[in-house]
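Same chain, two forms, each on its own as structure tokens: structure 1, then structure 2.
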Structure 1
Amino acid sequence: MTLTAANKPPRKKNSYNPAKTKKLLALTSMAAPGAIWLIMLRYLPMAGIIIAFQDYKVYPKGPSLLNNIIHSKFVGLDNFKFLFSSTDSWIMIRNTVGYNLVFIALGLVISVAFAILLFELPRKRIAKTYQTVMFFPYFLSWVVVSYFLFAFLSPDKGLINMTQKAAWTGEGVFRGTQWYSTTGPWPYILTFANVWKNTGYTAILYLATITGIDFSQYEAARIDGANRWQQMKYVTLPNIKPMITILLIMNLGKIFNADFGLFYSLRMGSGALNSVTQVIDTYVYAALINTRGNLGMTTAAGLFQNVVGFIFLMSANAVVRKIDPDNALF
């Protein structure tokens, strides 16, 4: 474009240029399908946030979404008050944030450790195989994983209970753990499942960053007499710090959003596990499909997630920018 412009005599700044207009139109039309989708499925629902401040009622004379919204009463922050006043909501918020914190911390430590181990392995082909195998669970859906788990935990047929039963020498009939109605082990099961499914992916992200490190840095460290451990500490870790920061910021932005599939499907529909599997996302879903569910409160819960997540993302980024501007996300 610059070349063509240079060949032509200079134009006045605001003069009409058909070629430029044509280009602008063509490129805009390319972005149009995606933009229309974003308007319909992302921006239009943002307007629906209004429901969070309403006592949403179906308008009997002409029930449509727009009519319902227009004719519903505004109740200010009442929906939020209700949302936070019940004990159920305390449980779901505790679960959402608690699990997320554990997942973030464990995920970080384990995947960085695995990435370093993979990088340090002298036999690269075996390392490649490990990497491939480890990545596999990431491509499975939580429903599939729930059946994997069921094979081990099923109370009357699962591997764990049946193995215990086979070794049972006590008196009476063996009664194994009723896994799907005992809440105790589930925080560990869910954490394990999350690590199992996602470590491969994050480890690969870190590994890609490590392999991208300029090798001369390691050579320089070696000349200074650094051993393997010191090389890791003074070369590898500082180099993956930006990646750690980026993933940390993004995860903090999602701290009030739970992985719906993990909490909804692994429990195999058992209501007895509610106190350890109820998170904001499963609550919103349950309220949504229930025809008697309170849409105002459901929307309020979603809005709360988004606003708090947005604030977390922004503040995490601001803090990072203050300490170390190079590592900030934006």
Structure 2
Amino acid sequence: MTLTAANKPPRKKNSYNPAKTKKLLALTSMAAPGAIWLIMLRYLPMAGIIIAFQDYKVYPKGPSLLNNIIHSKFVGLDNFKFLFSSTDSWIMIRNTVGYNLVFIALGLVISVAFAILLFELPRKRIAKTYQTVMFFPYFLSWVVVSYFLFAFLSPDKGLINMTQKAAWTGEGVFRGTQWYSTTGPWPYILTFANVWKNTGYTAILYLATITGIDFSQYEAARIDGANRWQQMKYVTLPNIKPMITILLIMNLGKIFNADFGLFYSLRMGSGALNSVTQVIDTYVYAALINTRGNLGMTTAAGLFQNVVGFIFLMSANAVVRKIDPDNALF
């Protein structure tokens, strides 16, 4: 039977549903603060990218951002040259990328290991205590951590040098290790500090994923004769693989961004450590101070970091999508 205009069933008009509308308003009000924050602090400031291509000046007559941008001279890519014209360019890029690669690798292995160990603890109260102890360093400022570290490494009153002095049996005056002028130990110190501070936070993310695994999978594995190691290998790790992949992609997107507090605060202002602590962020900060607030150069550096990070993020996601499409971000 062919439907004609005469015998087609009438269309139902969209009726007003108070319950559905109320639910929609509730969900919208919950999402609104985050959306407003994202628009105000992430999207609107993108208009300032133009400063990266200007000799930005603050004009006394009508000193508003828009007025300054309109009257500032356009200089093209000149602001980007300072990142590569210095003799320290290779050092800061090498340190930034090198440290981030080490942090990503160690952070992944250690965080996953701690998450699995916490999950395997039979007494949950003890596990929660360990979680709190591990999570606490994440809330500490790097300034606070730098003074904790100084209590150990101080040339005069540091715990390590005082211990060495107490055990000194040689002749002459004991001078101790000048930690803040000796570059050798600092890659290890910075790596340990980063892992110590951030492992707890990442381990909690993995632990939350492990906790959400269907327990019947472990029961089926035990019935098949799998021991604890095999359960971890064939049940736990495959289930947390999506979380590992997502965090890995996100971290690769920040490969050219360094933790400013880590590399600036821990060295306590020692210029002798520049070869192992100089990263893009600290270099840009020093350039900003030395050039008396050249915002064009600092904006160019930030834009460069984000563009490179975006390229890394998209590339990593493309590789993951080709290997395992289900675990890609998009």
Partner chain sequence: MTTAISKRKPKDLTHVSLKTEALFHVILGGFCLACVIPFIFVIIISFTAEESIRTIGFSFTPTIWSLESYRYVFSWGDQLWRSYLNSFIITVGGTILSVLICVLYSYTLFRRDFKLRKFFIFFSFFTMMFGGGLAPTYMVSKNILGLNNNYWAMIVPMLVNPFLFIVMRTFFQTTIPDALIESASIDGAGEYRTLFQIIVPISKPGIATIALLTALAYWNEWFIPMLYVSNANLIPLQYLLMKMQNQIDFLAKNSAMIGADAVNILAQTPRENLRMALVVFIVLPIACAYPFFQRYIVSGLTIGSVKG
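FYI, numbering is relative to structure 1, first residue = 1. We call the rigid core the largest set of C-alpha positions that still match within 1.5 Å between the two forms. This structure is a prediction, so every number in the text was calculated from the model and none was measured.
Structure 1 is taken from the form predicted together with its partner chain, while structure 2 is not. Relative to the superposed core, Lys233 undergoes a C-alpha shift smaller than 2 Å between structure 1 and structure 2. Core-superposed comparison between structure 1 and structure 2: the Cα of Asn198 travels less than 2 Å. In this overlay on the rigid core, Phe215 has a C-alpha that sits less than 2 Å away from its partner position between structure 1 and structure 2.
Taking the core as the reference frame, the CA atom of Met40 shifts 6.9 angstrom between structure 1 and structure 2. In this core superposition, Leu25 moves its Cα by 13.2 Å between structure 1 and structure 2.
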